[in-house]
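Presented below, as structure tokens, is a lone chain in the form predicted on its own.
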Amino acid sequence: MSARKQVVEILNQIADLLEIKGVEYKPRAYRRAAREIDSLTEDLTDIHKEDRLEDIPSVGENIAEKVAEILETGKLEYHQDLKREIPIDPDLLKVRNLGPKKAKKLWEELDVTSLSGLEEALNSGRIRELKGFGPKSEENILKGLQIVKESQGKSHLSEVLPEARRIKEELVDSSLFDKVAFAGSLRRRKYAVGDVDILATADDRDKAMDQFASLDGLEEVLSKGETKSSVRIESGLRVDLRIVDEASFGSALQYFTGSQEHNVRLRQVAISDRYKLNEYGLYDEETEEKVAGEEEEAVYNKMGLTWIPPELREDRGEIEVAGDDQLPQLVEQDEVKGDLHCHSERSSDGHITLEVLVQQARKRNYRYLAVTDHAETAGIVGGLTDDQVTKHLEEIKSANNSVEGLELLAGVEANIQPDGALDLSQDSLEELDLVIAGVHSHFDQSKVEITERTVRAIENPSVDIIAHPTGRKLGERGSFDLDWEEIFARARKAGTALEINASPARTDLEDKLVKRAVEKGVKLTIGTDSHRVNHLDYMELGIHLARRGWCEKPNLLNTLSLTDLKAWLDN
């Protein structure tokens, strides 16, 4: 775990433990500090070395001293004291619908202090008997427990990619490897990655493995051999390296990239064509002659298939389509012309000025960027009111007057209220260039209620995009139980786009629903939901998600020219 992540985790755990103790105010201070540190683009260790910890917003003298102790010793005595006083596993507090007060009650009355203890108490029915819980509470906690368990042992792609790329670059720069490539779920760009698989070729395997076993940021060598070695780096991530023969590199890359289901189907194709396929190559069944293996493309081509992009290798029809040479031309990063979901300082949780948004958009060669600050609604972050929309428009217009080759779009992220109405008047919505609407509260509605609520927003003539449509937050809450056939049908008829929210906390729509939306002819858009400068980099994650959902350039609003986007918005 990186130093920054460790600090953030400890500060959040302190906040949780203090809440369990019933301490007021301090938990919020620790959470604010954790958020600010987590959003840093500068190395936290460097900030500490330069004695600038107190320059970080929300980090005062007291918290700065604690951060310094963590950075210098790897732990915090104050944190250890709290854990001894309150022996509740931090993972228990990640369970949605189980806040500090309920966790405290479970600990004091049922001696539940861990996920396994919680599961046992749920299965035995002991929780529903507690005052303040009941069957409905038990059901909600069980759902929350399942979500936490599913996320354990995996890291988000956003955390893994930078580390993996650093390691790959180090191996390539050593000049001891001829070929180096990612494999596994990382190469398929799944949002949750268990470990990093790297495939390589090398003339001197011993030296190559020695290089791998001495990587920068190494925490532990788990195993070391001539053809496979495994290490754990400081972030906690496991990295596996396989060195294969040059003649088998392509077949090995295919074998270690595809999902199990994809590989089973591919072997069935090989058998039907009288071949044998394994990690060493593609062989003629009768003569046992190797007919492909050095190049991955040749393995597919020899079986009459177009090479299948790694993101599609999930056995969702890609092999059949590849046999007809009808694979989609997946969207590329350079085809994206802009970001359609960003927040400025006008959102109370936004930390980006318009000037910085302009700079960042230019840096990315965007032609447009939508500033979609939150509308003000009870229960969520504050933001635009009807009275402030005009000022918002004026600020965007003023910013546009000072730039060329880029246009900021004045937008809003409105809240879809429980009955489907929005929290801004129709007059205000019609003034804006772009309106995104999303559900931010009342998540426990029935399937019928949440579907009707969303459909009403879809059919609102001022709404252009439905934000984070499933409402899920990874590791925190699951997706809404929506009638997707109804959602897709109404969205297509109304001409309302659905968002692929690229924020790692959401990753919403998930890839399977993206693919279904594409098949139903529903327009999609990628939004980073940026609240801080570094969030704008999430666009890459959104593109990976779009590609896994079979998105082509015409499926995404972000690929339109500014003129065509405006025409679509005005339609």
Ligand code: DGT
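Everything numeric here is computed off the predicted structure, so don't read it as measured data. Note that residue numbering begins at 1 and tracks the sequence as displayed.
One more form of this protein, predicted together with 2'-deoxyguanosine-5'-triphosphate (DGT), exists but is not displayed; see below.
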*217 to 225, 192 to 200, 483 to 491, 133 to 141: which one contacts 2'-deoxyguanosine-5'-triphosphate (DGT) in the predicted bound form at 4.5 Å, heavy atom to heavy atom?*
192 to 200
*With a 4.5 Å heavy atom cut-off, would you call Gly350 a contact of 2'-deoxyguanosine-5'-triphosphate (DGT) in the predicted bound form?*
no
*Should Arg188 be counted as a contact of 2'-deoxyguanosine-5'-triphosphate (DGT) in the predicted bound form, where contact means heavy atoms within 4.5 Å?*
yes
*Spell out, yes or no, whether the shortest heavy atom distance between Gln417 and 2'-deoxyguanosine-5'-triphosphate (DGT) in the predicted bound form is within 4.5 Å.*
no
_I'd like to know if Gln260 sits close to 2'-deoxyguanosine-5'-triphosphate (DGT) in the predicted bound form, meaning any non-hydrogen atom pair within 4.5 angstroms._
yes
*With 2'-deoxyguanosine-5'-triphosphate (DGT) left out of view, which of Phe182, Tyr300, Tyr255, Tyr368 would have a heavy atom within 4.5 Å of it in the predicted bound form?*
Tyr255
*2'-deoxyguanosine-5'-triphosphate (DGT): the contacting residue among Arg477, Arg267, His79, Lys168 in the predicted bound form [heavy atom, 4.5 Å]*: Arg267
